[in-house]
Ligand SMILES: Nc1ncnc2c1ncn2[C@@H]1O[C@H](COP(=O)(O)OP(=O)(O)OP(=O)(O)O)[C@@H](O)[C@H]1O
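Have a look below at one chain only, the form predicted alone, in structure tokens format.
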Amino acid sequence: MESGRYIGIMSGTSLDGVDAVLVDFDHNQRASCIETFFSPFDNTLRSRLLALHHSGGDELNKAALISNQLSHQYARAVAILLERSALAPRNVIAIGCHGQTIRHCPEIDKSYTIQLVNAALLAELTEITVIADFRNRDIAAGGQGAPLVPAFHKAMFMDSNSRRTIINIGGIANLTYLDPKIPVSGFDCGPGNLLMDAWCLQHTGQSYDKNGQWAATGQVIPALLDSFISADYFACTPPKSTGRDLFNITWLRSHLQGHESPEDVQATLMQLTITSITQSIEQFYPATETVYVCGGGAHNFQMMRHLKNALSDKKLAVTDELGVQADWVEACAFAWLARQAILKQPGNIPSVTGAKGERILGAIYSA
């Protein structure tokens, strides 16, 4: 397997901004993070992206223009990575860019997904080969097209002597179960931060609840939590994936009576994330010995404290202990997926996505 440098770019469901990483892979596919950079979305772009999650006037034109805008922001992030590491474009084999998801509908009667990025423009701006559109080949093969990071988790975090569950808590929370004796499995277990962030912004003006401090001032509303967790999605068996198409502020408001205090709703939303994670582990991965957390949720002190209590029979840690910092796991995953595409190696795991076989993922835009 070829070694070399790749860049991974991820802008996720949380809509906070762009994570970009420069990764060096050795001959054993081990990843070393050389440089990282975060580029936040401004409020205008975030609002426009949120609007594109729903049908509206002139949406095709708006989507195309935002794809170009995103590509320029991605390119600036690449330029900063190269500048900080004193490298030229020719020193990077390829960029793996997920793009910004605005629709994800994996249901059999729909089966489509849309990520905004002008990959051709990104290749022109950076002078580096770009791989994008990672989900559609898996969907064409009968899969959900997500989650895709479990394949990277397997490559980086599998251990021959232990059973591990990796939890990525971004806008959506997803699990990967790594047991050396059985095939890898994983799925989106429900909302991660996206509902908490939306509710926090609406009531405090802050884009997220730092350390879960605001949620800590409230009390969980049992009836509301029961209403949340009774949603059909939680009863579905894997493979399954989800996003803002289901879990959004409209979905949240449909469960409210109108008299709840905002801080109690926030506490209940945090508990929803915790409950959906812990119930999923208990139901599908009870043999887990250690749970490793990555994504923005790893920084939420209150959430981590409650997760530790709920998973008291297991060790709880962050992926930093496994050599990849929690904030950069997903971006590193797309650098790895780009490498898989260049090497013509599969990037999906059929037992995770439900695809009928392994597939090489991504469309290649040569420099």
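All figures in this text were calculated on a predicted structure; none of them were measured in a lab. Start at 1 with the first residue shown and count on from there.
Quick note: we don't show the form predicted in complex with the named molecule, though the next part is all about it.
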query: Non-hydrogen atom contact residue 296 with the named molecule in the predicted bound form at 4.5 angstroms; finding: yes
query: Residue 72, heavy atom within 4.5 angstroms of the named molecule in the predicted bound form; finding: no
query: Contact flag, residue 169 vs the named molecule in the predicted bound form, heavy atom cut 4.5 Å; finding: yes
query: Heavy atom of residue 10 within 4.5 Å of the named molecule in the predicted bound form; finding: yes
query: Full three-residue contact with the named molecule in the predicted bound form, heavy atom 4.5 Å, for 210, 300 and 330; finding: yes
query: Location of the named molecule contact in the predicted bound form, chosen stretch of 78-86, 189-197, 282-290, 119-127 [non-hydrogen atom, 4.5 Å]; finding: 189-197
